[in-house]
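A single chain comes next, written as structure tokens; it is the form predicted on its own.
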Amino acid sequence: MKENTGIYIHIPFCVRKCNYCAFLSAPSDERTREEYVQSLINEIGMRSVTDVCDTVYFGGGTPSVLKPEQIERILDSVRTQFSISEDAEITIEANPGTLGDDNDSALSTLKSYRRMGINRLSMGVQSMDDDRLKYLGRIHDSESVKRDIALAREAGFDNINLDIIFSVPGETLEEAMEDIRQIAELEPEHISFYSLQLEEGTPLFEQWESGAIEEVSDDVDRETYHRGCSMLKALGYEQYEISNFARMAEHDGQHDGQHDGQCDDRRSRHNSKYWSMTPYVGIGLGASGFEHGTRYRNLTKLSDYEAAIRDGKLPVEEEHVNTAHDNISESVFLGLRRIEGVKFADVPLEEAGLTRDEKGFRQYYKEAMKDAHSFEETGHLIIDDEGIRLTETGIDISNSIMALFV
């Protein structure tokens, strides 16, 4: 069955760059933000998709630094240019502390989001320990997290994701588990559980490079990950991707009783497109997209991006037309991120003149399957007549396994 297209919109602004952040984002003034919003709207007008789009995702940066009316103008242009399904999942990322200076203004912002059709909120909480939040360079504290979640519920949000970062230098295993417990107490429908990566060019990387801090060891990182996964499952979350967890069916509908109890409703429909080779449009500075078998990335320098838009040109910096091998290998190594793994029937083997089944897969990956069976023997990979998937311990060495199929 053909999947609907998704739309990703990048907002490259934040209040302050976090100490670990290597994303394309930076502080900005009001004029810069307004000029960028107009450039986004103009780029949207240049894009053309004939398929129905069923997800829209505002990512960043921190999209909530824009005024609600700016978000609404962008959404209006999206609805004008694209065919958006009535049941579309429309997500906005928002950091605690950016929704308003007080309860009334924050509630007003959240109600504005709901009124314009945004129905999923993804919040970068990262930790519920105030000292650790300061260490990470976050602008909020744990109380503002609790406040914003309560206000989001009051505004009518019943689909909320909260991010957690673990393996922060100096953090103990017990402290990481306490973060999970406190975040789960807020009863989000979805939790993303990420290991901190020390990225070059960030303050934390520079501290590590100078010897001021020690990186968490692989052994501790993996123990924290597995303990965290076990705790989240015990708390009623189903793991559906290496780092993502959704509420299990029996917990759904607890806020308004209007949902049908399907766990899939609480998985990120937009992010799931990335792991299933579904097309998505990338809009904005540095945004990536995948359309008609071509992967592309937009310009990453703001002045270049806006100049291209003024000249009436799509702001694409680089693009790559996928080969048959690209499509096959990407469907496998991206699909292995999902807990359910890869079904042979979902791999586009017909592009190589083979059948979409186990026989065709084994024929295409004749050499790789020798090593794959070695991983199967060590308990890192499961191979059956329907497909392949990583085991819990296989996740720890997922890069090595995925590399077999590149």
Partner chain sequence: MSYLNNIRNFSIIAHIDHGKSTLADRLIEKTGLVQSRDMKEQYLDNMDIERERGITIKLQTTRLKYKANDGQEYILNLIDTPGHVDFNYEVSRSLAACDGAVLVIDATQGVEAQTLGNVYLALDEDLEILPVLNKMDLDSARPEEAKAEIEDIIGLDASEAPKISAKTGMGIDEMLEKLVEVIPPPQGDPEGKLKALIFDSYYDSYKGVVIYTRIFDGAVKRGDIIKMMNTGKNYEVTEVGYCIPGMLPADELKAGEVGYICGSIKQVADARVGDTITLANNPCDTALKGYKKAQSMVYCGIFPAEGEKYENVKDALEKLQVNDAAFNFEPENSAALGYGFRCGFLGLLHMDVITERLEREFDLDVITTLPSVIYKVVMKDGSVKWIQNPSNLPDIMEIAHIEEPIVKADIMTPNEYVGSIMTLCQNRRGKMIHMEYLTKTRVQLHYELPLNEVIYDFFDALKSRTRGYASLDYEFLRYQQARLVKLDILLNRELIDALSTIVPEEEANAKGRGICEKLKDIIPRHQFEVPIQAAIGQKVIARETVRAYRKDVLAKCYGGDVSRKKKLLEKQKAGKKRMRQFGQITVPQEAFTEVLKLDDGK
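The structure presented is a predicted model; accordingly, all values stated were derived computationally and were not measured. Residue numbers count along the first chain shown, from 1.
Although not depicted, the form predicted in complex with its partner chain is the subject of the following passage.
> Note which of Phe82, Tyr274, Phe157, Phe205 lies within 4.5 Å of its partner chain in the model of the complex, where distance is taken over heavy atoms; exactly one does.
So the residue touching its partner chain in the model of the complex, by this definition, is Tyr274.
> Which one of Lys301, Lys313, Arg295, Lys134 is close to its partner chain in the model of the complex, taking close to mean a heavy atom within 4.5 Å?
Contact residue from the list: Arg295.
> Hey, in the model of the complex, does Glu330 get a heavy atom within 4.5 angstroms of its partner chain?
Contact check for Glu330: yes, within 4.5 Å of its partner chain in the model of the complex.
> Do Asp346 and its partner chain share at least one heavy atom pair within 4.5 Å in the model of the complex?
Although its partner chain is absent here, Asp346 would stay clear of it in the model of the complex, with no heavy atoms inside 4.5 Å.
> Does at least one non-hydrogen atom of Phe23 fall within 4.5 angstroms of its partner chain in the model of the complex?
Phe23: yes, in contact with its partner chain in the model of the complex.
> My question is simply whether Ser398 lines the interface with its partner chain in the model of the complex - judged by any non-hydrogen atom within 4.5 Å.
Yes.
> Residues in which of 107-115, 84-92, 177-185, 321-329 have heavy atoms within 4.5 Å of its partner chain in the model of the complex?
It is the stretch 321-329.
> Flag this candidate site as yes only if Phe13, Val37 and Arg269 all have a heavy atom within 4.5 Å of its partner chain in the model of the complex; otherwise mark no.
Looking in the model of the complex, the three residues Phe13, Val37 and Arg269 all stay beyond 4.5 Å of its partner chain (heavy atoms).
> Scan 42-76 and note down the residues that get a heavy atom within 4.5 Å of its partner chain in the model of the complex; none is a fine answer too.
None of them.
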